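Take a look at this single chain, the form predicted on its own, given in structure tokens.
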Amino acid sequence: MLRYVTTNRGKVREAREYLGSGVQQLDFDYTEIQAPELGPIAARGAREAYRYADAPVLVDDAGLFLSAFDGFPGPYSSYVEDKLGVDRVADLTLAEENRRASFRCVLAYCDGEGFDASPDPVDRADRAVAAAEDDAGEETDALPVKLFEGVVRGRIVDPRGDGGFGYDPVFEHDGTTFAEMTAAEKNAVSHRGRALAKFGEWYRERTQ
């Protein structure tokens, strides 16, 4: 059984399309650290969730990366959406000549065991835990986390479509915004879907 750490049932349904029915939702409020990249955030969450569940876990972190603003908001996408709103982010981008954007998702898997570093990266850093253990005069091996990234590239446009959520109405891929796509169409090309496909291929080999 694989625990997908999320409060979003839609993510679980999407994960089951790629991984099968053995995916179980785990509602666990892990610490979301501040970091300029998605990988360390997801990795830290996976370690916390594994220690909580004592079972294999999968954590994701995702964001919208705008070329005109050097990748911002990236890991801060949810915060920026709450503070500025999707329409304001779109207006700021449309005022720029460069309107290229990408949605990125990093999946972090932890099962308490080690694994090879290729083809996808392994995050072995566990600085917060290591620091606490050093203060106590004890040593513990850090939990390795396997990372899988999915990326879908597009551009920012005026809002179109009634589906999806978040930045979907202003993100256009191959002429169609995510909000204009059906759920199946979006899942087939989405950043999370691409990361799940990579993870699923690796995970099946690991669990055979």
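Just so we're clear, the structure is a prediction, and the values are computed from it rather than from any experiment. Numbers follow the displayed sequence, beginning with 1. In this text, the rigid core denotes the largest set of C-alpha atoms whose superposition between the two forms falls within 1.5 Å.
Quick note: we don't show the form predicted in complex with inosine 5'-triphosphate (ITT), though the next part is all about it.
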### Query
Heavy atoms within 4.5 Å of inosine 5'-triphosphate (ITT) in the predicted bound form: does residue 30 have any?
yes
### Query
According to a 4.5 angstroms non-hydrogen atom cut-off, is residue 192 in contact with inosine 5'-triphosphate (ITT) in the predicted bound form?
yes
### Query
Heavy atoms within 4.5 Å of inosine 5'-triphosphate (ITT) in the predicted bound form: does residue 77 have any?
yes
### Message
With a cut-off of 4.5 Å between heavy atoms, is residue 165 one of the residues that contacts inosine 5'-triphosphate (ITT) in the predicted bound form?
### Response
yes
### Sole residue of 49, 147, 181, 62 within 4.5 Å of inosine 5'-triphosphate (ITT) in the predicted bound form, by heavy atom
62
### Message
For the stretch 6-25, I need every residue with any heavy atom inside 4.5 Å of inosine 5'-triphosphate (ITT) in the predicted bound form, listed N to C.
### Response
6, 7, 8, 11, 14
### Query
Would you say residue 198 moves its Cα by 2 Å or more between this form and the one not shown, aligning on the core?
no
